[in-house]
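Quick setup: one chain, the form predicted on its own, written in structure tokens, and binding and motion questions come after.
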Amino acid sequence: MSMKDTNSNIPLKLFLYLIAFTILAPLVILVLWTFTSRWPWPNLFPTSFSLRALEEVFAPYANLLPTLVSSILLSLTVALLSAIVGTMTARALVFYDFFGKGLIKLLTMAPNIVPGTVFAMGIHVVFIRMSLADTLVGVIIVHLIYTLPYSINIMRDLTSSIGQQMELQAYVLGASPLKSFIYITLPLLAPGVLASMNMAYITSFSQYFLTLLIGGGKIRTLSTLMVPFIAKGDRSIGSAYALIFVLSTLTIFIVMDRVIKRLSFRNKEENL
């Protein structure tokens, strides 16, 4: 490699180091605050350490493990439903012309355009009349409403770039529409499906206000445990919950990535 190539890579390396620092620095601060009992301003490092935050978080009365498991299952359900509905909606918007197509495109952005508080209050009234308030189904539906715009837009762009030619060739060779989609289109869509599931999962997992409002306090998630401690200024306990939030989310992302890659690889082997 020439000296000129080395010099041209320096800005890129500095940019990557900057990104790594902005990602890792908050995690280091979270770890420090989790074990800190006193960190007065303007000290650069804590002056004393304690296990109080971990003792509080993992205390039996905190019900951390059941709440974490239920939060993960709820968000995974939302992510799966969002990916399925988003993929089917994207295919309809890309490949078919029908009455109201423009309206559906507009509605896919509505939850992100309308202010969250206005949307939450309006949907809460509707859910009360439909007997969906204070229920798990209601929380899943309201999370799904918020996550679908991301899934639909991700899958619409990917579906448009892939096209339908491969499926049509499979039809000509005698494959059924279902087999053509499962063995040909779905492996091609796998990166988008993973991206839409990740986006839907993190959006659902981090929802506090909607979960509290629609769930009525009966549906407990990790966010409903974490946010009150952050709001009242208990940084040690809030950081402990935030650290668990980050680690559990990364674990789920890694698992989803490996599962989708394994399924795609298995489909390729069966095709060969």
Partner chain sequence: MNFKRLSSILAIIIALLLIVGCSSQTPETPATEVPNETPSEANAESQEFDPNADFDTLVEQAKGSTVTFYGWGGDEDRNRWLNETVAPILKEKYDISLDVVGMNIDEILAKLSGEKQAGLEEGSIDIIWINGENFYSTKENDLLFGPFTDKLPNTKKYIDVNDKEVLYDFGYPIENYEAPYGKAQMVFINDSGVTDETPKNTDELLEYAKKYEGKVTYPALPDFTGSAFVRTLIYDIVGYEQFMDMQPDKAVVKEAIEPALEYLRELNKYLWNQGKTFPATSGEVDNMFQDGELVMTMSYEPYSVAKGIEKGIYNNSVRTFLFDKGTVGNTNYMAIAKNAPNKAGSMVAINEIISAEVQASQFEELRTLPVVSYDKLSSEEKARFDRVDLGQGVLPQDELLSKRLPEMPANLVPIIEEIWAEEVVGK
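C-alpha atoms forming the largest set that superposes within 1.5 Å between two forms make up the rigid core. Numbering follows the first chain given and starts at 1. A quick note: this is a predicted structure, and the numbers were derived from the prediction, not measured.
We do not show the form predicted in complex with its partner chain, though everything after this point is about it.
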property: Sole residue of Leu136, Leu80, Val94, Ile128 within 4.5 Å of its partner chain in the predicted bound form, by heavy atom; result: Ile128
property: Stretch in contact, per heavy atom within 4.5 angstroms of its partner chain in the predicted bound form, of 153 to 161, 196 to 204, 67 to 75, 80 to 88; result: 80 to 88
property: Distance check, Pro177 to its partner chain in the predicted bound form, heavy atom within 4.5 Å; result: yes
property: 4.5 Å heavy atom contact, Ile244 to its partner chain in the predicted bound form; result: no
property: Touches its partner chain in the predicted bound form: Leu30 (any heavy atom, 4.5 Å); result: no
property: 4.5 Å heavy atom contact, Phe45 and its partner chain in the predicted bound form; result: no
property: Neighbours of its partner chain in the predicted bound form among 200 to 224 [non-hydrogen atom within 4.5 angstroms]; result: Tyr208, Phe209, Leu212, Leu213, Gly216, Gly217, Lys218, Arg220
property: Asn43: Cα shift of 2 Å or greater between this form and the one not shown (core-aligned); result: yes
